[in-house]
Structures are given as C-alpha cells and as structure tokens.
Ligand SMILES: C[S@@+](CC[C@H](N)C(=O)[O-])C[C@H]1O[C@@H](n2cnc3c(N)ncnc32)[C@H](O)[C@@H]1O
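Let's start with one chain on its own, the form predicted on its own, as structure tokens.
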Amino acid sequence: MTKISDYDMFDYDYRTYWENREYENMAEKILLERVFDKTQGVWFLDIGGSYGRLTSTYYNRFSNPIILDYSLKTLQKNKEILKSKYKNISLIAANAYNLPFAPNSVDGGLMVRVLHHIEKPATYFKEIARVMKYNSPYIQEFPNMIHIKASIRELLKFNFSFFKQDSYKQPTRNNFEGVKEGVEGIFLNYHPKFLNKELKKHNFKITERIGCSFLRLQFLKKFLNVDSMLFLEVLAQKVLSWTNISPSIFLKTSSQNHKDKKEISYETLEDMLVCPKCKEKLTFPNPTTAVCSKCSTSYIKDQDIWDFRVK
C-alpha cells in the first residue's frame, strides 16, 4: 500500500511552518507571478494547496481555481478566509494519487512543496497527466537533492553514489513536519535528471526551469534583510537557474496528452467530478452527496468541501 502523509493524524497546522520563512515564501510567489504572467484558463488545480498560500499567484488568471489537499482539517480551518478572499475557489479533500476529475478536464496545475511527500512519483505523474488538457501549463516544484550544500557535504565524505541520477534519499533526520515527534514521515529529495525523465515519460514538455531559494542559508538571514535577499534572489533566478545549486527547482511544463481528444467545457465543478477509485461518472442524489455509478461508493460534501479521500 502506498504511504500517504496525513497532516490530520496529528492535527498539524502548516501555517506554523511559514512563520519565520518570509524570504522563502516571497521567493516562490515572485517566481510564480512571473511564470503565470499572461496565462489564462478556466479550471486550475493547486495540488497540496493547503491554506491557500500561493492562491494569489494564479487566482486572477483562472476563473475556477481548485485547492486540493489530503488534509480535510486544514481546508475546514481556512475555508471562511479563502471563500471570503477568493469568491470562485473550490476546496476538495483528496489523495494526489487518486484525483476525482474527468480526463482532459483541467486547464492548469501546480504542485509546490508536496512532491517530497510523494513516495511514488510515477504513479502521481500518470494521474496528473490523465486530467490535464493538451498543452495546458503544469508547474512542478521539487526539492533538489544535489543542491550545492548537499553536494559539498557528500563530496567531503567521498560519497559519490549520492549523485546517482535515478536515486532519491531522506534529506534530513529528525524531520517531524506533519507527524508525531519521533515518527519519520515521507521526506524525499529528487535528482533533477530523474524528474526530467519522469515528466517526459508521462508526456510533459519542460518549457522552463527556474531555481528558487538560492539564499536559503541561516547565516545570510542574520546579515541581510528580506528585501535585500529578495533582490538578490530575483537576480539569481534569472542568472543561475541553469545550475543545480538551488535547494528548490520549479519546472514549467505543458501537457502533451489528449492531443487528438475533443475538449469538453465544464460549467460546474460537479460536471467534471468522477469517482477517484474507478474514474466513473458520479450521480448526485442531493447537493451534498455523490455516488459512483459503477462501484456505488458514496462521497460527502460537508461545510462546502467535497471529501474524496481514498487510499
């Protein structure tokens, strides 16, 4: 059975992670604002979007954005704020390996700070490829296992096997984000060439690569203010993104699936929803219940949030 990072298990509040990370937060937002410039569409999927940290970067470019997260509690806690700030947003609790959307239905997608929790990236990429429309933009961020600090550390140990292209590793010990202290969660770093191959294997064309958080070093934060760091960050994103020195890398891709398939326009969210288990159509006996037409599994909409979590 595929492991899933369940932030609800220990009632983890992801907002606390960002309390002292203003530089990293703004570095990612600045990058995405540029990437999404002049991009437009209807249905946008923010996978692992949590409390909507990055929603401002894409909300005005897609008319019907969706935040999908496995943490139902996080969506419930932040629903009122999100709904008041972003009128057209939809919230769905679901597993990234089992997306509740029809094939060829999504106009744009994003996954940031989530892939390190994905134990089987090939399974996920197959699923996201299924739902993305042809030539639709999809942004994949991943933690770079061969960033400069890690590379120097392993070279000093003469650990040359660290640089194997298709490998991934546990990046840190005693990292208990989203789990009970003393329990190791899923935290994986990936080799850039491995991610490139996996995305291309699932028919994603990589159109741009951007490094991020180049200055993610504690000693720099002691000497530079956030504005100075962000000024240097923007320069680094423009000049150094071809290298592997940054701890985080964003890949702007376009889906090459469904090229010969007719695109269908979905007026409402319910029109594009399918059973996450068997991908068959859903029937809606009432506004808060969905039933699979094939396996008869029922799903509930509570507090205006659909719960499609399956393992």
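Residues carry their position along the shown sequence, with the first being 1. Please read these numbers as outputs of a predicted model, since none were measured by experiment.
Beyond what is shown, the protein has a form predicted in complex with the ligand; the following relates to that form.
- Within this chain, Tyr14 lines the site of the ligand in the predicted complex, having a heavy atom no more than 4.5 Å away.
- At a distance threshold of 4.5 angstroms between non-hydrogen atoms, Arg61 is out of contact with the ligand in the predicted complex.
- Using a 4.5 Å cutoff between non-hydrogen atoms, Ser71 counts as a contact of the ligand in the predicted complex.
- Taking the partner from elsewhere, Asn189 is found to have every heavy atom lying beyond 4.5 Å of the ligand in the predicted complex.
- Here the chain stands by itself, but in the predicted complex one stretch of 87-95, 209-217, 233-241, 127-135, 87-95, has heavy atoms within 4.5 Å of the ligand.
- Screening His202, Lys79, His117, Lys221 for any heavy atom within 4.5 Å of the ligand in the predicted complex leaves a single hit, His117.
- Put simply, of Lys277, His258, Lys252, Arg53 only one has a heavy atom within 4.5 Å of the ligand in the predicted complex, and it is Arg53.
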